[in-house]
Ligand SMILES: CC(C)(COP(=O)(O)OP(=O)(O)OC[C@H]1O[C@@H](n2cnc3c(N)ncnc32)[C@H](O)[C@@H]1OP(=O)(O)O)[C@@H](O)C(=O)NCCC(=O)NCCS
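Here we start with a single chain on its own, the form predicted on its own, put down as structure tokens.
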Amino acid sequence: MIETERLILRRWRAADREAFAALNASAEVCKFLPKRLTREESDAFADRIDDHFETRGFGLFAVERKDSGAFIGFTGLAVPRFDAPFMSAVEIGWRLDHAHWGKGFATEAARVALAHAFGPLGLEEVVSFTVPMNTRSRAVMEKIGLQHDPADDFDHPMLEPGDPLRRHVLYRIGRERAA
């Protein structure tokens, strides 16, 4: 468990799954993702998150507000499930319920996840990626110190040619820059 001023980043609980399914079914939250998830797909995603913690020792933390105890989404680290020129890499990512956007929660949670990556985990580099038009996520990437080089941009191999979400921008940060 990791705490910030307003948040708790922790392992997942069974009680998180209903709110997680609602988050993954939201058109606004999933605007820049390939699709919204069914309850079964969302539960399978939660299972993969739990397995990632068990097999790799790190993963995507459930994010809870301290003031209300509400589950609001996730942030953390994961190894992408596809091959790309920047692999093998560890990705930092986040997904928060729309009602909690614009309050700095994603940046606050991502900062401590990044500190965890370069501190206790001892990683050398962390990446993050999204579609070019996802300006909110790109702003979080920049606020936590990741840098974009257009030469690193790529076509997501899990999306078909012609898919409007196929092109992705890649951001990076190394241990020396994060220090």
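Don't overthink the numbering: it's just position in the shown sequence, from 1. All of these numbers come straight from a predicted model, not from anything done at the bench.
Beyond the structure shown, there is the form predicted together with this ligand, which is absent from this document and is the topic of what follows.
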Name the stretch: of 124-132, 46-54, 60-68, 147-155, exactly one has residues whose heavy atoms fall within 4.5 Å of this ligand in the predicted bound form. 124-132
Given this ligand in the predicted bound form, answer whether the residues Arg6, Trp101 and Gly104 all have a heavy atom inside 4.5 Å of it. yes
Although the partner isn't part of this model, could you tell me whether Leu96 comes within 4.5 Å of this ligand in the predicted bound form, counting any heavy atom of the residue? yes
So in the predicted bound form, does Ser42 come within 4.5 Å of this ligand, heavy atom to heavy atom? no
Quick one: is Val29 in contact with this ligand in the predicted bound form, heavy atoms, 4.5 Å cut-off? yes
How about Leu33 - does it come within 4.5 Å of this ligand in the predicted bound form, if we only consider non-hydrogen atoms? yes
Going by heavy atoms, what in 137-152 lies within 4.5 angstroms of this ligand in the predicted bound form? Ser137, Val140, Lys143
